[in-house]
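This document opens with one chain alone, in structure tokens, the form predicted alone.
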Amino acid sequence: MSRLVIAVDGPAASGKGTIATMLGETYGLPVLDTGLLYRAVGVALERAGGDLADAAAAAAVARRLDAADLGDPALRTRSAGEAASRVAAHPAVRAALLDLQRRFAGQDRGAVLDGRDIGTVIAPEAPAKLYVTASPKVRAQRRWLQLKSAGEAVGYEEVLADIRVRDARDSGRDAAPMRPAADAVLLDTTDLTIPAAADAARRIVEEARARWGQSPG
């Protein structure tokens, strides 16, 4: 293996995005937050007056998606997260975004992708697969603090309810349900600081590289 593809999957606010970013910095690899793709589709559809339940309309938006759209601050809001979870349940939307994600993973030196189906669907051949998780209450606390710092007025209990609804929707959908790949390594960040979680993730990747015969970073 001359390419290093790192799949970082897990539920909302588990820490997977932070871990993916740090792994990208460690190994000098490009990073894609695939959740932003679905957020961008949901936000664009709502802005156009569309219905999030309309699979055909959502898929049409997904096919027109431009990577430049991913820098929109509106994609980080609570409503964008809900919209993403809803449009991500449409098989046609997931199919429309599949090639884009696989092209990103197929770059010459490799890449880091975080999402919910990277290790199972997008890059099942990835030599390093992590499934990052944490308790719902801890994830809700993290997301609540995030939203609060961004100026969104929302209560912790509301965020916890959102987290539980999204977990059920993401794991229960027919198309690419959220679940660990059979060969993914579980990383529970419930009681870990960010540096500790990042170090644990790096060790998981180094162990995977050793199995594939790659020199350590």
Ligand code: DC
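Because the structure is a prediction, the values reported are computed rather than measured. Note that residue numbering begins at 1 and tracks the sequence as displayed.
We do not show the form predicted in complex with the named molecule, though everything after this point is about it.
Is there a heavy atom of residue 94 lying 4.5 Å or less from a heavy atom of the named molecule in the model of the complex? So residue 94 counts as contacting the named molecule.
Since only the chain is shown here, I'm wondering whether residue 118 would be in contact with the named molecule in the model of the complex (any heavy atom pair within 4.5 Å). Looking in the model of the complex, residue contacts with the named molecule include residue 118, since a heavy atom lies within 4.5 Å.
Report whether the minimum heavy atom distance between residue 88 and the named molecule in the model of the complex is within 4.5 Å. Result yes; residue 88 sits at the interface with the named molecule in the model of the complex.
If we define contact as a non-hydrogen atom of the residue within 4.5 angstroms of the partner, is residue 81 a contact of the named molecule in the model of the complex? Within the cut-off, so yes.
Sort through 188-196, 28-36, 55-63, 150-158 and report the only stretch with a non-hydrogen atom within 4.5 Å of the named molecule in the model of the complex. Only one stretch passes the 4.5 Å heavy-atom test: 28-36.
Check for me whether the named molecule, as it appears in the model of the complex, comes within 4.5 angstroms of all of 109, 207 and 209 - heavy atoms only. No residue of the spot touches the named molecule in the model of the complex.
Which residues from 49-80 come close to the named molecule in the model of the complex, meaning a heavy atom within 4.5 Å? Not one residue comes within 4.5 Å of the partner.
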